[in-house]
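As structure tokens, one chain now follows by itself in the form predicted on its own.
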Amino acid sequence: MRLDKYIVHNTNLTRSLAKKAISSGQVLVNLKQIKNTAFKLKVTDQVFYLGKQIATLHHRYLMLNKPSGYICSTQDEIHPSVLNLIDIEQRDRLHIVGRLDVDTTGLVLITDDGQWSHRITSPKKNCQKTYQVDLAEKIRSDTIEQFNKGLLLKNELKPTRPAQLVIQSKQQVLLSIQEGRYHQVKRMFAAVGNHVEALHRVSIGAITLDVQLGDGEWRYLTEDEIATMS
């Protein structure tokens, strides 16, 4: 990796500031002053800036228990971004894996590893997402079969993929789907004459929301959790 690119990736310096720091002699590689911004680093090289060693930032993987009122966007819009809940260095390099509506709560995955997130969001991967759904009306006995066969949503020509529905109570279910169409869960229940009162995502693939996390709290994923999506 180029020296200037390494500094940008592992510090808060912009590319122009990194180049200025290098050319002015503020950067050392293996305790030797290097003023060539395009200097090629080896894996074993140690880089110092203003006398302090720059630690290599590895990819980061987080789970967040999203509260209502936040959006899954990297920037604030009408509502604040969920990234405001993350107190972490280089936060601007993180991105959100998939999205939840502003009023939907639950599991959100966040990372700076684009390949890892693609394996989750790519339609070809058929990654299953499970939601707890609170409904306005009592669930009908034929709804499980309807969801399993696939539903034709309003203004669409292709039915949804088969979905698994587990009834928890008269007005609460667990729904597992392998797609991410616009407002899909709400539209699926609207298609069978019901209305979603509350929606909470409990899992993505084999990663389940940590029950110890309160609203707005987050933690790093474990190595085993990361590996399930690798």
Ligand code: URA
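Residue positions are given as counts along the sequence shown, with the first one as 1. Keep in mind that what you see is a predicted model, and the values were worked out from it rather than measured.
Below, we refer to the form predicted together with uracil, which is not included among the displayed structures.
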Check for me whether uracil, as it appears in the model of the complex, comes within 4.5 angstroms of all of 61, 112 and 221 - heavy atoms only.
no
Is residue 185 near uracil? Define near as a heavy atom within 4.5 Å, in the model of the complex.
yes
Look up in the model of the complex whether residue 131 has a non-hydrogen atom within 4.5 angstroms of uracil, and give yes or no.
yes
Does any part of residue 151 reach within 4.5 Å of uracil in the model of the complex? Heavy atoms only, please.
no
Do residue 100 and uracil come within 4.5 Å of each other in the model of the complex, heavy atoms counted?
yes
Identify, from the list 173, 27, 199, 163, the residue with a heavy atom within 4.5 Å of uracil in the model of the complex.
199
Based on heavy atom distances of 4.5 Å or less, which listed stretch (33 to 41, 185 to 193, 164 to 172, 46 to 54) is in contact with uracil in the model of the complex?
185 to 193
